[in-house]
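Next up: just one chain, as structure tokens, the form predicted alone.
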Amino acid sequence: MAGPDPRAELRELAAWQRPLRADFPIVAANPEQAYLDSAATSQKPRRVLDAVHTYLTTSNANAGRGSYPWANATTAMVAGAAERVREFLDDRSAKAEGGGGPSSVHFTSGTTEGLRTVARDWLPLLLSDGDEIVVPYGDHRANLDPWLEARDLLAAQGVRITVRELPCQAGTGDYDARALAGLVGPRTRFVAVTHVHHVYGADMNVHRIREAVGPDVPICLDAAQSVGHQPLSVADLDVDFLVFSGHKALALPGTGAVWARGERGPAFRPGGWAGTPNTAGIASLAAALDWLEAAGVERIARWTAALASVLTDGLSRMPAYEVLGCRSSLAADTEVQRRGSIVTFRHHGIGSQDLGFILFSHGFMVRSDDHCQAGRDPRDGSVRVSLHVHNTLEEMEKLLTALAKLQ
């Protein structure tokens, strides 16, 4: 049975999408430009911008530092935003216990700092000499470098651990759960994974990772490309940490969060003195999650997947291009799992940087480099199109027309 017709889905959702697109001031003000780089950073809807303006002009103060009304309001806003994150991630343990329970939310500057916080402040408490961890060597560097740094810090203290490469399938980037199961041993203490690959655009089937490693090994999930782009539930994803960036989920830059389950291993408590939080960024994150929930994340995922399907189907018919990732997911009527909101490709004769400049001259803003992918030569670039709810079928058709002229 073939997958749903993407153009039919887009027609079905068009009346829902139009007012959402209009809610992005920078998009509405630049109708001739197509912003196709939401995996790098997202544009911000009016509700998020208004929330930041309201906060900064009515109650701007430091959190947890004073007892006057503005400070109290800011402290309450930060605490409320943490609960909002737990609700958005479907933390059912928090709901069952009235906001209590072992899970917790800690704000950071983004996914990279969040993962580094887990690696620096929590992982060393878990590991002993001779233990092993498994981490991805083909995903974003933010989900590799912190774990290697933790290994080196432990080694300086005389604790030797082994870092094993998370097996993945050649050509698709998808994790090889069967090979992982053969790699896991009695000294395996921790696994780091990615939810949606930032280059290949595929859901990495994290549920298979839990099946492969068993019920006791903590799993840390990089959700930078899934939060705000597709529905997810930490109740269903049996992971112990979920880390994401606010700026990729319609909030301001410089804010992100670490959600910690708190059931496997030591309690997660970021070390060191907690300085002033990014209160304006946290206010924007709470507003962004409200906006996403009101818009409907499931519909956003359907919309962007349909746009990506139109693009990949068109590219698959052009011999001059190679689409990275699973080849079976290219056609619009594919029976395999669709890509999400990310499509990455190369031209066989034009370098990615040059292709990026050419596309910008036609009004398309895309990412054209190595995309911070671990293990990849920076010269081995590609063009990445990453979509959000403000993008349209017309933009995809114009992009395909421009690409066809370059064959």
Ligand SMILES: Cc1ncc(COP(=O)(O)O)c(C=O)c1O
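Numbers for residues come from their place in the sequence shown, where the first is 1. Just so it is clear, the model here is predicted, and its values are computed rather than measured.
One more form of this protein, predicted together with the ligand, exists but is not displayed; see below.
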Exercise. Of 192 to 200, 312 to 320, 145 to 153, 287 to 295, which is the one stretch near the ligand in the predicted bound form, taking non-hydrogen atoms within 4.5 angstroms as near?
Worked result: 192 to 200
Problem set entry | Arg261, His106, Arg86, Lys248 - the one with a heavy atom within 4.5 Å of the ligand in the predicted bound form | Lys248
Exercise. Of the options Cys220, Ala257, Ala224, Ile282, which one has a non-hydrogen atom that comes within 4.5 Å of the ligand in the predicted bound form?
Worked result: Ala224
Exercise. Can any non-hydrogen atom of Gly110 be found within 4.5 angstroms of the ligand in the predicted bound form?
Worked result: yes
Exercise. Any chance Ala39 has a heavy atom within 4.5 Å of the ligand in the predicted bound form?
Worked result: yes
